[in-house]
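Below you will find one chain, with nothing else, as structure tokens; this is the form predicted on its own, and questions on how it binds or moves follow later.
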Amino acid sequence: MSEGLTVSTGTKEEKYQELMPQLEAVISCETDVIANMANVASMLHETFGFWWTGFYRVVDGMLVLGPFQGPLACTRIRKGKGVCGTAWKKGETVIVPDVEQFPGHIACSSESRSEIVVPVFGNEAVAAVLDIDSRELSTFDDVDKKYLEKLVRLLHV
């Protein structure tokens, strides 16, 4: 994408509405899921300025760190552990307004304050999760859930 990322400074929903066609264009031009995950993480991170944006892939019964943007991250997470493992186990998006209030939260960074984790399905099972952390409390809501769930359905895992 040589033109670069172009998203206005509007509302969160307006940013997603502008970003989605750009994400679709990038994903549609590439068949490698790792490359697509890398670009998706980068584009979301750049657009919204999140603290940490990335993927964990299901590999040999564990979530294993995949492409991401942000500081050092945990490399392996067990099913049902932390926010990522919980989203994987439940097969549904988990929004955490305050990670300190989430039982069993895995603190990869003490700077993370709120989080959203969206499962990525492949062959009718969770194949990965999209994990996004913010340095602010209550960053994520139903707008994020709506667009991020739509986005991960574009990934062919």
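Sequential numbering from 1, following the sequence displayed. Here the structure is a predicted model, which means the values were calculated and not measured.
The following text describes the form predicted in complex with a small molecule, which does not appear among the structures shown.
- The stretch that touches the small molecule in the predicted bound form, counting heavy atoms within 4.5 Å, is 130-138, out of 19-27, 143-151, 5-13, 130-138.
- In the predicted bound form, no heavy atom of residue 88 sits within 4.5 Å of the small molecule.
- With a 4.5 Å cutoff on heavy atoms, residue 105 counts as touching the small molecule in the predicted bound form.
- In the predicted bound form, the small molecule sits within 4.5 Å of a heavy atom of residue 52.
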